[in-house]
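Subsequent text provides structure tokens for two forms of one protein chain, presented individually as structure 1 and structure 2.
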Structure 1
């Protein structure tokens, strides 16, 4: 009698629950324009954009090991690419959103040749310097409104209801593509390589992992997702300026949502973004108290939950709604 072989479990119970909840949420959001007020729709678009940026930054830092403090470069490039494509080239502004992501990815290729020459803290500072260079360049181009910025006049061709509905649906698609895309990527062989790199670049390379190529791929993919999110964010705002698009204000938001939520997990940025928007809605009208509340929450979480809120829950209770690992089950 032959002994039963161990089996590999690809999806846990929590993973199945997570997929069902995600599908239900997507279906509910797709019907949003029919029952949500305009203010709520704009808020959902902002939430989707920040979550997409956070997922991209988490992929870059939490898995690729590339600590960038200059991702605002691709937020700005994506945003301005949308305005150029729609206002000046006459393209459909909604179709221009993914094209703006491609433009950001194309800019990431030569940028990587510069910043990848450095590592560690020097790499982080280099990404910030590059973002500032892009900001200064855009601020000195009169066709882009210089420092005062420019409005998205191409949207005047659409009535308010059509504009808000399509922007909202694009936000839902952005959520699916970024969160679902990261989940699919991390469950692929490339995800195994990224996990190995996160533990040790040297050990991963010794096992045949093409560390340089994979980091470049992650960097470009993160630029694409961030560029799409930036384009959609400023489409929702209908106006863009260099300081708003390339400003350093984006980096504390990404730090908060990813690190407080749980870096190196797909669920962490979701939790962090939900927490940020909750605090913003509650304390946003209290001026400095809003910033104080964010600071207090950040300090308490980092002291009490070093892995982040979701990271700590995952370790203590085994909650994995987007599990990227396989589980080996011994035969009974």
Structure 2
């Protein structure tokens, strides 16, 4: 009986390799503060933050079908929430990071009421308007430093080593929570619903998937993750301003990491973020030309290789390191 029926396989060999590699990498990273120089540590924190934001944007756009170009709203809210909690309310800044994520999620609820009234391209631009509203509001509030911004004075209570180490470990936790979280989410029943929705909202709805509620959930979860990443990013920077926090530079960055890496896969944003940091280290000094090149690459990749680097490779070689699909195997 059982021998004759196909079985559902959820791990492939690549998947097991992926898990082992990921575990080894996490262990190596956790020991980082004991052997990494501080500018390297700062770079790793930036990397983790950008990767976390990318995973969240990928969840939103690649899986949830919600094309937002206004996620900088939650990067900024997370960042500013951290500064308010730590500087003004006197909370422990490190504990404030996840709370800042919760604040971002809380802001996402009323925001969704407005932007969810539109769909498709209109939704996208509306999310951008919302991010601009938050930027302009913050720039008009003197308690938040107005347009000039504020420094994270709460960090003065810690010596440099402690500060850097804890920030670094938080970054590793952020990596695990966001990448691992998306992985876990997609393997849960919700993942199946998201896959159904990606094929067709209407078809998914007719199969009993509560499309509206799931989209809201994804939107709020992405705001939480993005808020945490924003908080940690500006903790690492020790300073925040409306233009840096809610600015327009974040979205092209996410386009680069997610779309060039490979949208709709967990591996894609990792590849994209690694590539981005490499290019930035090498070509970052070229300023405007570098940005022009990034724009051109984004255009070309979107048109010619919409699956992105990882997506193209995975299709060609059948790779699958984070197995979220259920594979039906014929019995031998």
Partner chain sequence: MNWLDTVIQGTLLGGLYALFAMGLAVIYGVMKQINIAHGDFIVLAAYLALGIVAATGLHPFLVIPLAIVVFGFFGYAVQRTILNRTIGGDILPPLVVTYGLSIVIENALQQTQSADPRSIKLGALETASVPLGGGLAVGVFPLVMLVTAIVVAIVLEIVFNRTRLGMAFRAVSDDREIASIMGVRDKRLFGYATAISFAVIAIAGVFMGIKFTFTPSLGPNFLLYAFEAVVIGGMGSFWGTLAGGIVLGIAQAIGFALNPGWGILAGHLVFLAVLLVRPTGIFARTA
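Predicted model only: the values in this text are computed from it and were never measured. C-alpha atoms forming the largest set that superposes within 1.5 Å between two forms make up the rigid core. Numbering follows the first chain given and starts at 1.
Peer 1: Tell me which of the two structures is the form predicted on its own, please.
Peer 2: Number 1 is right.
Peer 1: When the two forms are laid on each other by their rigid core, does residue 28 show a Cα shift of 2 Å or more between structure 1 and structure 2?
Peer 2: After core superposition, the C-alpha of residue 28 moves less than 2 Å between structure 1 and structure 2.
Peer 1: Could you state, for a rigid core superposition, the Cα shift of residue 305 between structure 1 and structure 2 in Å?
Peer 2: A shift of 2.9 Å at the C-alpha.
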